[in-house]
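Take a look at this single chain, the form predicted alone, given in structure tokens.
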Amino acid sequence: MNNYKNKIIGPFTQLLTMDNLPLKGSLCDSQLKTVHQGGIVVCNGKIAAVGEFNQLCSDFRNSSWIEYVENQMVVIPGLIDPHTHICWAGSRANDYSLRLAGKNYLEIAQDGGGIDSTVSHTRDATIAELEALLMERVLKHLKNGVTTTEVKSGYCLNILGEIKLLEVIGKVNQTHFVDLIPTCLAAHIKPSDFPGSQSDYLENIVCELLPIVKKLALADRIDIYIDDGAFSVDEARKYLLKAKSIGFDLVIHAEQFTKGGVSLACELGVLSVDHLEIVEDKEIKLLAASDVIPIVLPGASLGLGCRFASARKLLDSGCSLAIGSDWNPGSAPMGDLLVQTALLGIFEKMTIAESLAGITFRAANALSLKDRGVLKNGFIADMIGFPTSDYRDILYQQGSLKPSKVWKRGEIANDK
């Protein structure tokens, strides 16, 4: 145990700060700030200084100890996944088999698969089982460089079950390195055992669930799925306005299979609108003129065999763009954010700067987190190191190059 106030970590072959980049619009790789033979000074879990390693050692020599990095390494901010559904039990391998045999997402749901199948298994799971399953997925994400991840409820779809899921997310968040950002997605679909209408179900959530979520501080964010088989634009508008009046931030699943959600998102000024596989020019213009952040989900496109969201057009139109894994048991079971980002970049002709921005500071902004996603003074010291000398290798190797070191608040969270 040492008595020094600061810790200097380095030297890094390249240190990619992601600093001084705009939140909206396209990016060129020449805009990336790279420090060669760089280092980071950490104090109480936050970054105290970023610069050349030798200079930092000189400037902080009387107040620091050094955590040496012996091999070549490129360091970037810890990855941020702004959209996941990783708190569930059971398997949807049967859905996958049926999809390969030619059935589509809605047909599988109508035949007893889909979300209802996961709801049944998740309701039956114990709290201990759900904690273990969530921890397993969080550890996988951490190993792959994700230091902050959003986690939705939405796989119990009743009052006690949704509270159970949010409490599980909160407990794992308290006991693990990764920061989990909970979102209440009780408005995922109307469960098959609810006796009333779609509107009745949403009213039940507003009256019975959301006050408890707010009182117990289980989540600050509310999500709703707008689509065929889920909820209409009009139903969602009423629900979201009521949730907003209670004090929740709003996000929307939209434009995955049917249109309308983007217009509502811009009308209400929600934080983010997620999916966008079928978004068109009219909606893109609305997004560009708003502060709503588009979150695209390449994992869902890969899982369902459908087109990617128009990331290139969104960026060129002046939108921000965050990238989430959509890790879930049905449409996006892979859960590897870096692989998905690399593949999206190939097909949408995204620059390395745009791709990395989408899983660092732009993803942080989509979660209203102003203290991470960039390596700069005052920010949380979340960072990941790759065993290479060229930052371009991270995406050039299409996600197969994994971090050899992950730091969470300046402490090594994994080391291989």
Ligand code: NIG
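This structure is a prediction, so every number in the text was calculated from the model and none was measured. Residue indices: 1-based, along the sequence shown.
This next part talks about the form predicted together with N-(iminomethyl)-L-glutamic acid, which is not shown.
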Exercise for the section: Go through 164, 221, 141, 188 and name the one with a heavy atom inside 4.5 Å of N-(iminomethyl)-L-glutamic acid in the predicted complex. Expected result: 188
Practice task
Only one of 335, 329, 345, 182 comes within 4.5 Å of N-(iminomethyl)-L-glutamic acid in the predicted complex by heavy atoms, so just point that one out.
Solution key: 329
Exercise for the section: Examine residue 231 and determine whether its closest non-hydrogen atom to N-(iminomethyl)-L-glutamic acid in the predicted complex is within 4.5 angstroms. Expected result: no
Practice task
Check whether residue 80 has any heavy atom within 4.5 Å of a heavy atom of N-(iminomethyl)-L-glutamic acid in the predicted complex, and answer yes or no.
Solution key: no
Problem - in the predicted complex, residue 322 touching N-(iminomethyl)-L-glutamic acid (heavy atom, 4.5 Å) - result: no
Handout entry: Exercise: residue 105 in contact with N-(iminomethyl)-L-glutamic acid in the predicted complex, heavy atom 4.5 Å
Key = yes
Exercise for the section: Mind telling me which stretch in 253-261, 193-201, 208-216, 124-132 gets its heavy atoms within 4.5 Å of N-(iminomethyl)-L-glutamic acid in the predicted complex? Expected result: 253-261
Exercise for the section: Answer yes or no: in the predicted complex, does N-(iminomethyl)-L-glutamic acid come within 4.5 Å of a heavy atom in every one of 176, 402 and 407? Expected result: no
Fill in the blank from the handout: Within 144-177, the residues having any heavy atom within 4.5 Å of N-(iminomethyl)-L-glutamic acid in the predicted complex are 155
